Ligand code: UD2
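Heads up, the chain below is alone and in the form predicted alone; it's given as structure tokens.
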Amino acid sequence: MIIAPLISLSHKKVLVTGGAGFIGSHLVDALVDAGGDVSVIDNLSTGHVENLTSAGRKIRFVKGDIQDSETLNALSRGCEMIFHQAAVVSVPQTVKNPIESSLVNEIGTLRVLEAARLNGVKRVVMASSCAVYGDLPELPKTEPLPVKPLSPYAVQKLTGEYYAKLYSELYGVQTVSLRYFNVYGARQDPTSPYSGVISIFMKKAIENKRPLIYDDGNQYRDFVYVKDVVKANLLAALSEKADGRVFNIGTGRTITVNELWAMIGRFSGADATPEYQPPRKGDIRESRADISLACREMGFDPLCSFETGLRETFDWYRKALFLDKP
């Protein structure tokens, strides 16, 4: 799946916050391939330097926090664009620690936008979340729908969207907020209890251990491959129609959690029976994106089929866990 030809940076400066993380590191690779002069800031609380191996010495990496305005300002000087991926992304973690996560997801985001304003950055592309929709019954989710955040994480992401729009209208900083649905792919940490369900299921399948499923497993998700999410970020950076707006980034297709485990089992050979537990606070039962706005205004078109993406992801996890089989 070719990403880089979507954008040509020809040595222009860009900054990726959270660039050593799951999505951020894939974005860094694409920006380097596009010829960008790429800087990365990441505090490595959940990201890993190893995720940046392929980018190697082609980037400038700073271990730092987005709450550090001095470092953010230094990295933002001369930048054409900032891709803001840094966040506390775990819903349960924000439920447990709402104040600490707010300092990152709200104040940290505000510091990124302010660094962009002070340093004349042309555009900031923001990672938001479908969590802002909550459990309202309307499906698929369209951007004009009312929002009903059910967790501190969702409130924090929504607040970031409001700040982004404000900075666009009040200060002239071009901003685009992307509401990610359920992103999956290589480099998601399967050892963390806060990881996405696919990365956790991959590890369980490789070890042939029982997966833990909250609720009855019939809840469904719109899973979008990380390379398609990278593509959306690059399109958002370029689209003239995107400034000050919010876009869903998903596929428009869904699969239940039970179906997901069964699919992984078919090509991994795992046959363990799931263990079921009550739903977690803040979790959403049904989620599906309407991506027609992103398709129409930015030319977004997710190309990777779920089965292809899932197989590629499984192959990566099998090798990463040193359990590769001939």
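Start at 1 and count along the sequence shown; that's the residue number. Remember, predicted model here, so these are calculated numbers, not experimental data. Each form is matched to the other, and the largest set of C-alpha atoms that superpose within 1.5 Å is called the rigid core.
Only in words, not in the display: the form predicted in complex with the named molecule, which the text now covers.
Peer 1: Between the named molecule and Ala87, Pro98 and Tyr163, in the predicted complex, does every residue show a non-hydrogen atom at 4.5 Å or closer?
Peer 2: No, none of Ala87, Pro98 and Tyr163 comes within 4.5 Å of the named molecule in the predicted complex.
Peer 1: Go through 282-290, 38-46, 61-69, 263-271 and give me the stretch that gets within 4.5 Å of the named molecule in the predicted complex, heavy atoms only.
Peer 2: Looking at the partner contacts, the answer comes out as 282-290.
Peer 1: Could you tell me if Gly196 has a non-hydrogen atom within 4.5 Å of the named molecule in the predicted complex?
Peer 2: Yes - in the predicted complex, heavy atoms of Gly196 and the named molecule come within 4.5 Å of each other.
Peer 1: Answer yes if any heavy atom of Asn182 is within 4.5 Å of a heavy atom of the named molecule in the predicted complex; otherwise answer no.
Peer 2: Contact with the named molecule, yes.
Peer 1: Residue-level question: is Leu118 within 4.5 Å of the named molecule in the predicted complex, judged on heavy atoms?
Peer 2: Outside the cut-off, so no.
Peer 1: Would you check, heavy atoms only and a 4.5 Å threshold, whether Val257 touches the named molecule in the predicted complex?
Peer 2: Taking the distances in the predicted complex, the answer for Val257 is yes, it comes within 4.5 Å of the named molecule.
Peer 1: Out of Ser129, Thr175, Gln156, Thr109, which one falls within 4.5 Å of the named molecule in the predicted complex, going by heavy atoms?
Peer 2: Selected option: Ser129.
Peer 1: Could you work out which of Val91, Leu75, Val229, Leu235 is the residue within 4.5 angstroms of the named molecule in the predicted complex, going by heavy atoms?
Peer 2: By the 4.5 Å criterion, the partner-contacting residue is Val91.
Peer 1: Go through 206-224 residue by residue and record those having a heavy atom within 4.5 Å of the named molecule in the predicted complex; state none if no residue qualifies.
Peer 2: Contacts from 206-224: Leu212, Ile213, Tyr214, Gln219, Arg221.
Peer 1: Just checking, between the shown form and the other one and with the core aligned, does Glu275 shift 2 Å or more at the CA?
Peer 2: For Glu275, whose C-alpha is compared between the shown form and the other one after core superposition, the shift is 2 Å or more.
Peer 1: My question is whether Asp216 is one of the residues whose C-alpha shifts by 2 Å or more between the shown form and the other one, given a fit on the rigid core.
Peer 2: Shift at Asp216: 2 Å or more after core fit.
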